[in-house]
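Consider the single chain below, provided in structure tokens and representing the form predicted on its own.
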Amino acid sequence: MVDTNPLLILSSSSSQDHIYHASTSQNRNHSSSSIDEKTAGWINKRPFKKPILLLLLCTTFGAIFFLIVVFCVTYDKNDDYNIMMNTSSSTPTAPIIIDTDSPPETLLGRGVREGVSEKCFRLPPMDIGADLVFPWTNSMLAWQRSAYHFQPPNNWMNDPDGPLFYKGWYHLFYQWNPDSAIWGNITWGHAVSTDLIHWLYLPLAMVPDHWYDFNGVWTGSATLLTNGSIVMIYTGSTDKSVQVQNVAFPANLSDPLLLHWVKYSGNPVLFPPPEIQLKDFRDPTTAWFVNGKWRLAIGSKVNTTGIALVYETLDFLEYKLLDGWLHAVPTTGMWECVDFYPVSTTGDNGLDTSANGPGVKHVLKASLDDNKHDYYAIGTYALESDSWTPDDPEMDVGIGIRYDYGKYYASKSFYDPKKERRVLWGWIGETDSENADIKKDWAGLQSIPREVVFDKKTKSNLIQWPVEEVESLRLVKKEFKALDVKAGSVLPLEIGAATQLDIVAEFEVESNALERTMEADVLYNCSTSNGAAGRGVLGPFGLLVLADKSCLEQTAIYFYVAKGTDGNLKSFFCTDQSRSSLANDVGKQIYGSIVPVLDDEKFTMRILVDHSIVEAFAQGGRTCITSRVYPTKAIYEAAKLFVFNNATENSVKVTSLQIWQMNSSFIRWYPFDKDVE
């Protein structure tokens, strides 16, 4: 029997399946009998398949026939796979979109031919409905713009560049196309803030006005020198599309806004070395100080091996390429936006980029051009050999841990001396169509800045957590405690508007819950195990954000606990976007990974909802997932929040659920005609 309750994310129902409402004071029963036949029919439909197209070609003599079969594989035909779709003519089809790691050569798009990663989100070409255009309204598109994440006033934005703190201001430079909502004409936008939340736009910092950056002022990093000066080194794409490194300096160090930058007359200062391809040499790091000289790393590759080259300099004008590589990992492809910084294994503070010694580990991160994900590893840096070694070779850069398992790329960190912390920025791209981006007149934004520290409990990963300043936006709070969510249940939460939220949730499960089953679940994977529809003894359970009242649209953020053949438990943290929108021209990925949950810990998550961007953090930030969501119904006042438990047997207790409405941040042009505190 298939349950027809549209609020349940389920595969097959049980007698325990039910729905009930919650307020801050009580639970009350709610019947599903009011569901109309049309809705019930919609829920009962299986995922559609793209029909096989049979084309019969006949020669002029009628003697030879050719059969051409074009098909799209439906991967999972199990009746329990309930990514429910409405295939009626009145509602656009909504295919499940898999995030393609390596687009075919024939699909080379914006940026690839120019020598950088793909800058256009593409639905896989064989997906049903991929050639359709959803009729987005201006109201829908206006809702998508974020309220408290940084983004420019309009048009395209990608990588964060050269973040730093200087004379009382946080500076963020960023890749911006001032002319269009699609990638191209890359210049450096510039904004300042006193708290990393409220921002003031400044005039362009650098534009592509020389032969050495004619095709773009690409990614770069800032280094604060010991004498108080600043140097910015960045990649330029020349008029011949060769990637070179260039230097710029502030025109006036007494200006706290750093409004004007002067490019070095001797640029470029670095060309690709002989063994490196002309389009595989980009994104210099912040420099670190070693024995009286500065060192910096640049990403590249040799064949399919991703590498980080290291250069040494005294003055940032002349450089020496050091022997060997900082690190290399076979089969990981081109390394973009390399980052290299120390973390303390004993303290809670961040460290200056040049720190080293006892109680210090080094993080090496690379953005992989091949699959558009940011991977990091923790290891040891040897000054003498200028090499870095991962603590766990099986979790090396590009094959192990990611900063974020969703839409998050080209990240860059900086040391904040004001609060003695390491702060991480990341670019959040779009997963909708370019047509929609052009219509809404913008594309891309930055994540909420994250503080990064070493996880002293697991000793094997980082902790990423939104900077504390974001909590200044919290407004009205609602709190729920001791909610018992039975197996197969969904609990609507009466909180009012659900478009701008900060949610902190704690879940508790029975310690012997999985001991009641002998069945192992060793093959579970967030992306391939039916998402929130895949039911197990203990999971999935979590929250539905940006859901309409009938849950035709919903984004599930959840835990799933699996049992291995050895009897040990593995906990997964996932985000399921497969029902996030009824639109047919947006991505609907299912993201996630394993998250360490220690014996004395509850299951905890924090979710920042800001219109079309959702950032989720599990277990204090051990695993993070960022999603772009484009609902058509669950917008404005129609956006709702739910707690759910789609397990087959066990109840889950929500021990604490705190939900804050979030204010909007003030992001505007700097008022040069007024004094700014």
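All residue numbers refer to positions in the sequence shown, first residue = 1. Remember, it's a predicted structure, so these values are computed and weren't measured experimentally.
Below, we turn to the form predicted together with a small molecule, even though it does not appear here.
The closest heavy atom approach of residue 410 to the small molecule in the predicted bound form falls within 4.5 Å. In the predicted bound form, the small molecule lies farther than 4.5 Å from every heavy atom of residue 538. Among heavy atoms of residue 218, some come within 4.5 Å of the small molecule in the predicted bound form. At a distance threshold of 4.5 angstroms between non-hydrogen atoms, residue 574 is out of contact with the small molecule in the predicted bound form. When you look in the predicted bound form, the only residue of 150, 294, 480, 427 with a non-hydrogen atom within 4.5 Å of the small molecule is 427. With the partner omitted here, the residue from 339, 404, 336, 432 that has a non-hydrogen atom within 4.5 angstroms of the small molecule in the predicted bound form is 336.
Stretch 279 to 287 is the answer when you ask which of 253 to 261, 279 to 287, 345 to 353, 528 to 536 has residues with heavy atoms within 4.5 Å of the small molecule in the predicted bound form.
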